[in-house]
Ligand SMILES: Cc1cc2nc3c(=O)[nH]c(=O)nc-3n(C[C@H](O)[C@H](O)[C@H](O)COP(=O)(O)OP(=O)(O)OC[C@H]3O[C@@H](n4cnc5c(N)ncnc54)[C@H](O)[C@@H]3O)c2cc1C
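In structure tokens, the next block holds one chain alone, the form predicted on its own.
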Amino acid sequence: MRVVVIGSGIVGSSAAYECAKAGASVVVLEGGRIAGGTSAVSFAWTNATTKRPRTYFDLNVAGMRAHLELKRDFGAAPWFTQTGSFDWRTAPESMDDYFENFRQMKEWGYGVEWIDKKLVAGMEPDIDVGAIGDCPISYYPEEGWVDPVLYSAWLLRAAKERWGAQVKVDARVTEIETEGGRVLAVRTADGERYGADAVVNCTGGWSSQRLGDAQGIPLSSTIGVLAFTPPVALTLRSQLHADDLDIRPDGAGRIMIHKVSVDLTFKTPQALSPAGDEATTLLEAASKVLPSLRSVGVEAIRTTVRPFPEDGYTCAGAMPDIAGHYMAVTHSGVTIAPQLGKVVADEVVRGNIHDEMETFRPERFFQANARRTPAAHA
């Protein structure tokens, strides 16, 4: 079976790896560089917290487990760090949701517990626990983060070396060619044509685009902003989530900073200055929690498109108009990618349908009177 995967980010590389492992002849077509889109600018937090309804939570938990299985598959996972997350709130208006989420996660069997400031200080001495005040602190020991570019590099190399997959960069897809209502081939901007029995669209924030006869899906994507410090002499190992602020290590002593309220000031991705207002806002917020950051600046600040299908939930499954055209796009790609890769391989290559994915099928966007559900917090 010939499978063409469009996109080489964390979802595309997962689909390519698993489809090749399942016995398909796989070609990956990437319009730029490997994992050079959203995957290259992602907070990359593996988690299932706040993920509702239950079907969405279960999918994210399955993704977290699949990361551990993938680690066993490779014997090591230099792209994956699992050191837990601390979470607290200081705004009174957010406390009800905070406590309700803790209760719900506990009820569903997710790993979370209350801890005190003394324990936080012992585990992460760089944190100024005074910034937490008297707020309750929750701890998620099973959460972690991924380096999506390294992840994609390792999986695609394995797909090539173990099963003969091909990876083409600077190969922007312009058309999915069909015949008799079925996928026939994929054409790229440079005139190349790749025969295909199935095409898996993993283009993320670009998956709304029509490719010849093949339509996309409706998106309501948002913009993400991340700041990166120079190397700092910290021993921070865990992630920190405080109100709308997210902080984690990013390798070689660098710290990654994200703040939802900064994201909301943008409608399109832009080039930002490390000396600009956004960088200052992010660094000042992080410095209240990690005082060592006060003596450093921001080394880089980047924006990206965060791919949200229109209703906020993962979209994975056969497109309703063309046989052999499969869509795989999600905002939760970092968490669920290894599981989604398995689902794609089972359904596209092996013909085994996953009933638990019915909530997430793309056909929901094309039913005449499809009921729209509220966007999930992700």
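Quick caveat, the model's predicted, so the values are computed rather than measured. Residue numbers run from 1 along the displayed sequence.
A second form of this protein, the form predicted together with the ligand, is not displayed here; the remarks below concern that form.
Report the residue, out of Ala285, Val129, Leu234, Val305, that has at least one non-hydrogen atom within 4.5 angstroms of the ligand in the predicted bound form.
-> Answer to the contact question: Val305.
Contact assignment for the ligand in the predicted bound form, among Val343, Val334, Cys315, Leu59, heavy atom within 4.5 Å = Going through each option in turn, the one that passes is Val334.
Spell out, yes or no, whether the shortest heavy atom distance between Val200 and the ligand in the predicted bound form is within 4.5 Å.
-> Output for Val200 is no: heavy atoms all beyond 4.5 Å of the ligand.
Exercise: Gln209 in contact with the ligand in the predicted bound form, heavy atom 4.5 Å = Output for Gln209 is yes: heavy atoms within 4.5 Å of the ligand.
Report yes if any heavy atom of Val3 sits within 4.5 Å of a heavy atom of the ligand in the predicted bound form; otherwise report no.
-> Flag for Val3 set to no.
Does the 4.5 Å heavy atom contact test between Ile10 and the ligand in the predicted bound form come out positive?
-> Yes, contact at 4.5 Å.
Heavy atoms within 4.5 Å of the ligand in the predicted bound form: which stretch among 117-125, 172-180, 265-273, 135-143?
-> So the stretch in question is 172-180.
Residues from 273-292 in contact with the ligand (non-hydrogen atom within 4.5 Å) in the predicted bound form | The stretch 273-292, when checked against the ligand in the predicted bound form, contributes no residue at the 4.5 Å heavy-atom cut-off.
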